[in-house]
Ligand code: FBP
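Take a look at this single chain, the form predicted on its own, given in structure tokens.
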């Protein structure tokens, strides 16, 4: 028997809120279809690859006066990719809707991510099992994994498992890559007349799976609030000790949404945004000069302390680093079987081999880096063959280069302060946190809504719940065709269909909020201390959503 904390006991009692149309019950819904859709880019290529699922309409639900009978449906569910707070509630919402539609329905959870449906490893849910995980963080209910569903063999094995269990629909809870796989599986199931539906749910704390229909991916709200609490704690400490600069790297490889949101919640002295660095073609040297300028000016004011926020993926957005890393990724693929590299006795020998293979300009960049960073750039690649940026200690790279630059300024008489730095990386701290009330409600609604899409026979759709800055009762439930979000990108040297990542828009209201305040925040200590996530009390405290959603919603209302 599990030992539960007082908060766990209370959170198990929480009843998530649903949009009004879903509150009336899964069998009292009417489906409203919009116009046909097309992919965000590369329409002809995407249409050719998804002949059976392309061009479907966006759909929404509204209440129906008549009750609809529901046939018996067995459903399988998969947690795919990295964890995000609220995943358990997606499964709970799916389970409750499924059982409400017909008590004879069954829900199977595939264990360990997509590999579970391939290998036939699963568990059947019941009330007792599900009730232990309501409103809790993590993905430990069935575990997750990063296996890709993309080959004919994998699809066939998945079909065999579904036939064995009598499964007529599969729900994949994941990010852009996982839902790309969901689209491929949906297309294959239709093409082969299997009668099995596939529905996705938008998950990623990075916040880069969104569009007009998907206002935010689940987990972003909880993760950013968790990071903001930690940053606030550090800011209070910095403002108390007044002798440390804290460099805080925050999770988010391809987009800086998490860093930007955490900055708006806490108002640090420096916030780097990867997309801005790329747009302005800022070199590593120019970034160092920008940060040193603030550090020197604060030192002149007697402030030898501060907070700098750094996105996890920053290093890949710096032009000369991006070029060097792309060159390095190609080289590392060939060096894996190179006996000279594999049998090199020292790390310096490996450095020499790599530098000799790099293009001249890229070799110069690589050679200029600290030994620590050079070694990390040679570490194992991710499944796409790319450097694992989460293992690159960018915050330490910046600290070392800033120390060197400040020493130069001191020797010239242009810096009189003291620089002592602390480094932090906030990533795993937020991925499995207790979901906020917003994420608990949003995730439950996404899961409940996913079964509504199944009940109407849809496939190749992403569960969509919109109007998220309003009270939950006013949320709009429906679905978005997965192909609508796709474009073609190069992966492993081939052009493949993938869901397009949503990066920070530099002309958008969220970045503009940072841009308008960053000079003031740099010199004046406007630190905000959000504190821990609140679950009980006034709605203005426990149900408030992210700055990102509020600013984007306000902008859309103005435009409307």
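Keep in mind the model is a prediction, meaning the values are calculated, not measured. Positions refer to the first chain, counted from 1.
In what follows, reference is made to the form predicted together with the named molecule, a form of this protein that is not presented.
- Within this chain, residue 460 is remote from the site of the named molecule in the predicted complex, having no heavy atom within 4.5 Å.
- In the predicted complex, at least one heavy atom of residue 205 sits within 4.5 Å of the named molecule.
- Taking the partner from elsewhere, residue 253 is found to have a heavy atom lying within 4.5 Å of the named molecule in the predicted complex.
- Within this chain, residue 187 is remote from the site of the named molecule in the predicted complex, having no heavy atom within 4.5 Å.
- Screening 324 to 332, 262 to 270, 244 to 252, 416 to 424 for residues having heavy atoms within 4.5 Å of the named molecule in the predicted complex returns a single hit, 244 to 252.
- Taking 404, 194, 388, 289 one by one, only a single residue has any non-hydrogen atom within 4.5 Å of the named molecule in the predicted complex, and it is 388.
- Of the residues given (306, 81, 109, 479), 81 alone sits with a heavy atom within 4.5 Å of the named molecule in the predicted complex.
- Along 421 to 436, these residues reach a heavy atom to within 4.5 Å of the named molecule in the predicted complex: 428, 431.
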